[in-house]
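Coming up is one lone chain in structure tokens, specifically the form predicted on its own.
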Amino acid sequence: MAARSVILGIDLGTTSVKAALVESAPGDPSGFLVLASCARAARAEAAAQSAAAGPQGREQDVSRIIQALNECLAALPQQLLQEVCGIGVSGQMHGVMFWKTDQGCEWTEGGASPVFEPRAVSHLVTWQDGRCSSEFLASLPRPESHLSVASGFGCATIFWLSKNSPEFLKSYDAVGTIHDYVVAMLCGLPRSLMCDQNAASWGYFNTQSQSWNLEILRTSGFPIHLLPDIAEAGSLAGRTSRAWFGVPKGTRVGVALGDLQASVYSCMAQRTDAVLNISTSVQLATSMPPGFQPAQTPDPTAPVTYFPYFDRTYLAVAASLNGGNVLAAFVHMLVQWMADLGLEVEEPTVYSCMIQAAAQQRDTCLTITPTVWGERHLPDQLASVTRISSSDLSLGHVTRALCRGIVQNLHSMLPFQQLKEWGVERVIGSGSALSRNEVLKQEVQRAFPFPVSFGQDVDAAVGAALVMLRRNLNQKES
């Protein structure tokens, strides 16, 4: 009997970390089986944000993210981990963290095999970071790329740090996303390595030439020596330098992928599919035909952008900053109001009650525009509530309107009729906020003019594993 090809997929999200063990379905080269999966809340919001970033800063504690990752892997079946022959990793795009290449982690004995703990690392400045004002972004050089630069994008954050905290940058010699960091630590890479998907999400990256805008950045005082080397999405980053939670030393590791692309890869069975991911934020994506090339002039006001996928193809993406985080903010507000009234209620209890109330309230005239965090193409557009009447003020009405508003906001960015014109015939829904919210599922099914099916909460982790399984398992390392 041939040895099993078990792949470990990992996704490092904003609110949770997920892991999945995947293998090919017997007798079906395109099929797969999820043997086991696990998710753990990251709870990684940094207790102390960088003072200079102000209240708009959004940072996470890398040690807590890695702790959640360790908890995920410890919960997976040990026997299956010992059979792993490849690791695929994805994670939150746009964000940036710094480390020292020779001191980025410390390996310690952790039960059956070593584990690594972060050491000389910075906080992760996430995609939600708002320290780069519209005025600051306007002062930056125009990129040689089809993608604009927004606050929370890696290169914008590094520009901000170089101008406002230059001493901070002197402490580190490597930079990447959180998932680039994990791959570098697993493989002991001498330099940071980043795929074109993540590089494009940082800004100042040309997807046609597959290169950073080095001359533009250099003449603007950007610390280009920090920029990662570029690898093609789906290629190998290296091999594990040690055994890790039972995964053998020398196991192949893929270059870290964008979580959007990994989610799409696990869900999109046909080119006529579109993938809707609602987690902390929202993305609606569909593939463009082979040979499609976006205009090489960035348009900051365009609500639809084109992100690199695989094999030099592109995804058309409406990426909203307002998704599950809006529901979380609403829950937090309710809990805070009740605390102010002298009542103690846990957030999970409030969430469950409000979804139950909305499920019983099938319709509402209340209208909520849920853009609490603005949008990249409309950074100054904040949330609003209209058509308020005394009959629509119940918890069920408000929650129903909030879920509907999240979907309608996405429709305003990418009209669903446009998907039809692009040949889309089905929508596949995925993501943690969607998987556990029946009301949001109802609103998605109500809004789209074609069939909607729903995937799993671990789609990005599964997608990262599938990329490794289908594109690298039988390839020799270069």
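Note that residue numbering begins at 1 and tracks the sequence as displayed. Nothing here was measured: the structure is a model prediction, and the numbers come from that model.
Only in words, not in the display: the form predicted together with a small molecule, which the text now covers.
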Exercise. Would you say all of Thr14, Gly91 and Phe307 touch the small molecule in the model of the complex, counting a heavy atom within 4.5 Å as a touch?
Worked result: yes
Exercise. Where, among 93-101, 182-190, 218-226, 332-340, do residues come within 4.5 Å of the small molecule in the model of the complex by heavy atom distance?
Worked result: 93-101
Exercise. Would Ser266 count as a contact of the small molecule in the model of the complex, using a 4.5 angstroms cut-off between non-hydrogen atoms?
Worked result: no
Exercise. Though only this chain appears here, would Tyr314 touch the small molecule in the model of the complex if you measure heavy atom gaps against 4.5 Å?
Worked result: no
Exercise. With a 4.5 Å heavy atom cut-off, would you call Cys105 a contact of the small molecule in the model of the complex?
Worked result: no
For this session: With heavy atoms only and a cut-off of 4.5 Å, decide whether Trp127 touches the small molecule in the model of the complex.
Result: yes
Seminar exercise, completed: Answer key, the small molecule contact in the model of the complex at 4.5 Å (heavy atoms) among Ser281, Asn213, Ser151, Ser287: the residue is Ser281
Exercise. Which residue, Leu276, Ala319, Ala401, Leu73, has a heavy atom that falls within 4.5 Å of the small molecule in the model of the complex?
Worked result: Ala319
